[in-house]
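First, one chain by itself: the form predicted on its own, in structure tokens.
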Amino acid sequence: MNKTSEIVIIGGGVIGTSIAYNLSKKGKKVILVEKGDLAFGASGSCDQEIILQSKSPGVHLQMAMRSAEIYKTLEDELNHPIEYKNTGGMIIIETEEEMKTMEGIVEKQKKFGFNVEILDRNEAAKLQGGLAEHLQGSTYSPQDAHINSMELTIGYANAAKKLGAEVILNTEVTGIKQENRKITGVQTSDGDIDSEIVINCAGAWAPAIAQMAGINIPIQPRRGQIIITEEVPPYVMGDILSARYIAAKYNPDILKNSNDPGIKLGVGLALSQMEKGNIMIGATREFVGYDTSVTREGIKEILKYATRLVPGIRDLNIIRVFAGLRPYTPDGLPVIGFMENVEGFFMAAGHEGDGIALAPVTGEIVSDLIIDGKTFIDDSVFDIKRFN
């Protein structure tokens, strides 16, 4: 295989396929290369939640709110069933300290124009049955939703192909071609592809791709273990997180200083019910390199915490467990943009657990930046130089 394209995208997850679709929609010739199958990485081993409440007020929340608008019509646009449902969502609050924290976050989110409120224990129980008696309450937003991440990835890829993009699977990128620090293409396990622009959307594996171009990026794999139950009648009102989930997401240092095994594993509740009735229960947040194995300790701590908050979960049968790797950055925001020291090398990775929620807007932002050199949002916050 020796090919030529305007743009090569590395990575067939939800970020890479969204970018491929958005660029193809604007007339660019695109080749996407994936070492495995579509949704091979985090996009195929995650929960289904599109939670806006977990996003920090500012650019992060602005991105999520823009994605939420795109999602409303995306299934028709892609002409593919992505199982999008605007279910609403809540973050359940266990302690007075968590309540104070969430009150501060909600106040800032409201000022940003986000529809969210604090509920007391009785109000929360009316929305979601089976909550533990000791809970303080919850937040609630009608704007949260969920989706089938694998169908979303396939939908984006198929729509991109209909617009002329080429998707090459089971083909590994083995090198980045450049002359005088300028991109000329990629080397793959099946031949070369010449191109002046290469977009690195390899998720947790993005650092290895960047190193091929002589670039170091501060992305680390962070393992998340998830449990799937049997099919049951409607049980979960929408998408549920716990306040501890938010703490584990944005403050990894608290994991180091705790003697609680659950906190050390970054366990926070993520609960949602799938189209067929299966319930997804997660998750851990662990720095264990590229180890995607499921551990007895991890599953035990997830269940211990989940049943403490929603006791009825203990009556459900587990049918499957799995783990995936989230591309973590120190500030929770992705790295998006051209790299200054290698002309034509573009980064779009580091979304951690927000890839599904932010995929539509990321595709829009990246296509804007590559074609127009600007976008609707302040893209300087995604610059890799912020980690200097």
Partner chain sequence: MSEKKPVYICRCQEITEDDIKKAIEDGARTVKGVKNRTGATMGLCQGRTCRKLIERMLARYVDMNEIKPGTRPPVRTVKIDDMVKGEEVENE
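What you see is a predicted model; the values in this text were computed from it and never measured. Residue numbers count along the first chain shown, from 1.
The discussion below concerns the form predicted in complex with the partner chain, not included here.
- In short, of 283-291, 163-171, 120-128, 86-94 it is 163-171 that has heavy atoms within 4.5 Å of the partner chain in the model of the complex.
- For the three residues 109, 365 and 377, a heavy atom within 4.5 Å of the partner chain turns up in the model of the complex in no case.
- Proximity to the partner chain in the model of the complex, defined as a heavy atom within 4.5 Å, holds among 57, 332, 44, 337 only for 44.
- Checked against the partner chain in the model of the complex, the candidates 314, 181, 72, 134 yield a single residue with a heavy atom inside 4.5 Å, and that residue is 314.
- Proximity of residue 40 to the partner chain in the model of the complex: non-hydrogen atoms within 4.5 Å are present.
- The closest heavy atom approach of residue 100 to the partner chain in the model of the complex falls outside 4.5 Å.
- Residue contact check for residue 212: none of its heavy atoms lie within 4.5 Å of the partner chain in the model of the complex.
- Although the partner is absent here, residue 26 lies well away from the partner chain in the model of the complex, with no heavy atom inside 4.5 Å.
- Contacts between 150-181 and the partner chain, taken as any heavy atom within 4.5 Å in the model of the complex, involve 150, 151, 154, 158, 161, 169, 170.
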